[in-house]
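The chain below stands alone and is given in structure tokens; this is the form predicted alone.
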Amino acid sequence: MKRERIVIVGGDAAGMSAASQVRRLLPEAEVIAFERTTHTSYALCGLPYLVAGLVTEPSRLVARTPEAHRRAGIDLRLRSEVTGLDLDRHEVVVWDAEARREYRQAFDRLVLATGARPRTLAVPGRDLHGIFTLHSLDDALALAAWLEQVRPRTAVVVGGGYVGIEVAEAFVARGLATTLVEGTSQVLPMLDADMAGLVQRALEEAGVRLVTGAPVVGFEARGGRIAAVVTTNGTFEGEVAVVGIGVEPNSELARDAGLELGDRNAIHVDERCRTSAPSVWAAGDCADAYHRILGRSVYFPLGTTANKQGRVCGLDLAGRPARFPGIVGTAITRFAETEIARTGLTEREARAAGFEVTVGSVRSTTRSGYFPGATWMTVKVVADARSGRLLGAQIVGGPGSGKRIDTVATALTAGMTLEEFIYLDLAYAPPFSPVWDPVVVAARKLAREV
């Protein structure tokens, strides 16, 4: 009897989560995974901390090595890029960089976990030595090597999103005079302006030169290396630069094969991670996900979602009941001692989605105010003015503040109203929180208005 062949395109979080599930639940199936780099299953979110020196060994970011996957029975082929997809013949076209040859690989069922790629700047000087992105382990190793070899004194971070904030922290930790340039009017455009202002203050207090409303128009060179970043709002010296202006899905294989695309050209999938083709699944940063509050699919690439979608793919391929119920848009990062978190919709997003919005904001402390080590935190809660339904929250504050966002994310997933949220039985002791937790205080303040 012919063994079923399942092909996985992509060897990181989503792809190898799917492959591992299939290998465990369908031991009789043949599982082939293609990865165009030499690394698998590593912590992409840990790369800035490798650059900062907080993670001292690259191997510590690797959750599972290629050898471990192979020992588990997965036919993992590195430096093998899938360049084409023939759905009529059930074949993928593969370029083997090691052997420098192209071949076709047949499949019965296929998982696309092709991830995302950094957005680039189409400006003069973009290919100068010393300009980096930070989207792979190879990127991080190349940047760390440059910092050790060149010993720059000045650095520029282009982009004030999650990656930009984390790279700025890494550069400050290494003692570099750091400038962060952002094309829009604020850092972290996924926050409301008032909450982003708290982050901007933390950046400036740490010595980061912050320039907003400054799209990059070019890079200046000295001796073939980057010397400065040129923006519409001035030129800023930098002997090293990292460009972090977001990502876009690697969905061209799916598009060229006629698969349906969704938000921001991500591959559209249903709750079982199936695409519009009956034998093809997709997961991770190449795919969209259902947003439980907006009631539609969106592109919101995160490692947590990639792992969950990969698991659902594997379970569904193995015939096990599984569905990915969606996201509420939860994310967290930090700059030095300032923690930054969001979930659900911001005030701006909620208004754009057509909700009649009411907003509550409080400044409090992470512990009882009299307890040693209490630090500040600001919480902003957004709700529907008519129903009192919780729509989202943002938190900016000191150590111990950010992970409170998970309480709100849980409430959003449950569809709670403000009144229900206020009376949650949350833990209290002075070393951990005030008697009324700050997220509840913000909700209580808002409930009075509703």
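Model, not experiment: these values are computed from the prediction. Residue indices: 1-based, along the sequence shown.
There is also a form predicted together with another copy of the chain; it is not shown, and the following applies to it.
Taking heavy atoms and a 4.5 Å cut-off, does Val312 contact another copy of the chain in the predicted bound form?
Within the cut-off, so yes.
With a cut-off of 4.5 Å between heavy atoms, is Ile332 one of the residues that contacts another copy of the chain in the predicted bound form?
Answer yes; at least one heavy atom of Ile332 falls within 4.5 Å of another copy of the chain in the predicted bound form.
Taking any heavy atom pair closer than or equal to 4.5 Å as contact, tell me whether Arg5 reaches another copy of the chain in the predicted bound form.
No, Arg5 stays farther than 4.5 Å from another copy of the chain in the predicted bound form.
I'd like to know if Leu391 sits close to another copy of the chain in the predicted bound form, meaning any non-hydrogen atom pair within 4.5 angstroms.
The answer is no: Leu391 has no heavy atom within 4.5 Å of another copy of the chain.
With the partner left out here, if you bring back another copy of the chain in the predicted bound form, are Ala116, Ala142 and Ala145 all within 4.5 Å of it by some heavy atom?
Answer is no for this spot.
Name the stretch, out of 371-379, 261-269, 214-222, 197-205, where some heavy atom lies within 4.5 Å of another copy of the chain in the predicted bound form.
In short, 371-379.
Just one of Lys308, Arg77, Arg274, His135 has a heavy atom within 4.5 Å of another copy of the chain in the predicted bound form. Which one?
Of Lys308, Arg77, Arg274, His135, the residue with a heavy atom within 4.5 Å of another copy of the chain in the predicted bound form is Lys308.
Scan 60-97 and write down, in order along the chain, each residue with a heavy atom lying within 4.5 Å of another copy of the chain in the predicted bound form.
In sequence order, Arg60, Leu61 come within 4.5 Å of the partner.
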